[in-house]
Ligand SMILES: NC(=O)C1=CN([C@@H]2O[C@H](COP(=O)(O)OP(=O)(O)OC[C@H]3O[C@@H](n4cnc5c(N)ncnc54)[C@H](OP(=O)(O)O)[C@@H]3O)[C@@H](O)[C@H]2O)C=CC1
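Presented as C-alpha cells, the chain that follows is alone, the form predicted on its own.
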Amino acid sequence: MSKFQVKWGILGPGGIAQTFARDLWVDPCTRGVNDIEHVVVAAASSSSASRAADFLKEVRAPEAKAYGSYKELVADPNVDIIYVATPHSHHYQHAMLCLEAGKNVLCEKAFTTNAKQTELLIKKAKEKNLFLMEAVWTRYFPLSIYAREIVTSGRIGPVQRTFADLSFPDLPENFDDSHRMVNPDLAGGALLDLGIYALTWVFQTLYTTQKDPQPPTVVSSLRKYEKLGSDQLTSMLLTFPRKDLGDAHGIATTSLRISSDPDSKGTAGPSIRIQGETGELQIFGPAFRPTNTRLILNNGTVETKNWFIPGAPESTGWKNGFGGNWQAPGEGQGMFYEADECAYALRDGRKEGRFESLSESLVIMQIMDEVRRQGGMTYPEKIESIEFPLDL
C-alpha cells in the first residue's frame, strides 16, 4: 500500500521549528502509523537563505530548498503545507501570507495576538478552501485522547471542575528585554505562551467534550511585569454553561515566577486535575507534554498509566527535545502527532483538526482577549492590527 506523503515548508527556523522538524524525521511506523509519511521540502528565514540552509542540515533535510524570504517559500509549488513557527506577534501576517498564496497552514499557538486576527484567518481559509489548524500539539497525544474519553464515558461521573496550571520559575527580570517571553512587541508574557496550555486542558475537558458547547465566561486576575507591562502571573476562573448538568468550572493558572513542578520530580503532584462526581483523573508532567495519568474513583479503584512517546530508535543516533533539553534515546518529543493529524486531513479533504475546531480556537482567543482586557494589558497597535500586509 502506497503511503500518503505530506511535503512540509517551515516558516521561521527557530527553536520550536527545529523541534517540530526533528520529529517529522521520525518514521511514523514507530508510533503505529503506517499509511502516511512526512518530508521537509523547504524552509525560509527572513534574515538569510544561509540560515535556512543551516536549519535544514540540522534537521536532516539537506536536499530541501532554503529561502531567504517568506514570499519565496509560499510561492514554492512543491510545498503542500506550511508550519508557521514565528512569534505570536507575527502569526497573523505570516499565516495570512501563506493562505493568500494558496497554502495549507499549521500555525503555532497562540494562533494570533487577538481574536479578530484569528477570525480573519479562518474566513480566508474558508474562502480559499484551505486547511488551517492551530498547532496545539498536546490535543493530539494519545494521553489527551484517553483523558477526553474518560470524561465522555462518564467513568468519573459528570465532570464539575478542572484545575490546570503551567508555570515556570524563569523570572521575567532574568530575560533580556527583547526576549519573546517578556517583550510586548512580540506579544510576550505568560498568558499567550504558557497560559494557553492551561486553557487547553480546561477547554478539552469542559468544552470539546460537550455535544453543544457554549462559550464560557471568565473572571481573571493578572499581575504585570512592571518593567515592560507583559503578564507574569495570571489566574482565570471560567464558567462553562451546560443545559442538563449545571455549570462547570475551569481554573487555569500560569506564571513566570513560580513552578508547577518545583523539584522537577513530580513531587508537587498533578499539574491537571479533572474532577467528576465519582472520581477524578490526574495528569502528571508539564501541561504541554504530560506523560503519566492516575485515575482515582470513589469506590477505591486507582489506575496509573505511563504514556511513553516513541521516537527514532537509539541506533539512528537521532534525538529530540526543546531548549537544549533532550529526551532520552528512543523517545520523541511528540509534535509528530499533530503533524499526523494534518496529513490525514489533507488526505481526506478535511479543512480543520478533529480535536480542536477552528471555532474553538476562536473562542479561546476571545477568552484571552477578555483576560487581557480585565487586566489592562495591551500590546503595541502594530501587532494587534488586522491590516495586511503589514511590515513588522
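Throughout, we count residues from 1 along the sequence that is shown. None of these values were measured; they are calculated from a predicted model.
One more form of this protein exists, namely the form predicted in complex with the named molecule; it is left out here, but the text below deals with it.
- In summary, among the residues A343, M365, A64, A44, the only one with a non-hydrogen atom within 4.5 Å of the named molecule in the model of the complex is A44.
- Site annotation in the model of the complex: the residue of D231, D165, E280, D193 reaching within 4.5 Å of the named molecule with a heavy atom is D193.
- Under a 4.5 angstroms non-hydrogen atom cutoff, the named molecule in the model of the complex lacks R354 among its neighbouring residues.
- Contact check for M335: a heavy atom falls within 4.5 Å of the named molecule in the model of the complex.
- Among residues of the shown chain, K103 is not one whose heavy atoms approach the named molecule to within 4.5 Å in the model of the complex.
- The closest heavy atom approach of I16 to the named molecule in the model of the complex falls within 4.5 Å.
- Heavy atoms within 4.5 Å of the named molecule in the model of the complex belong, among the stretches 106-114, 126-134, 233-241, 269-277, to residues of 106-114.
- For the stretch 159-181, the set of residues having any non-hydrogen atom within 4.5 angstroms of the named molecule in the model of the complex comprises only R180.
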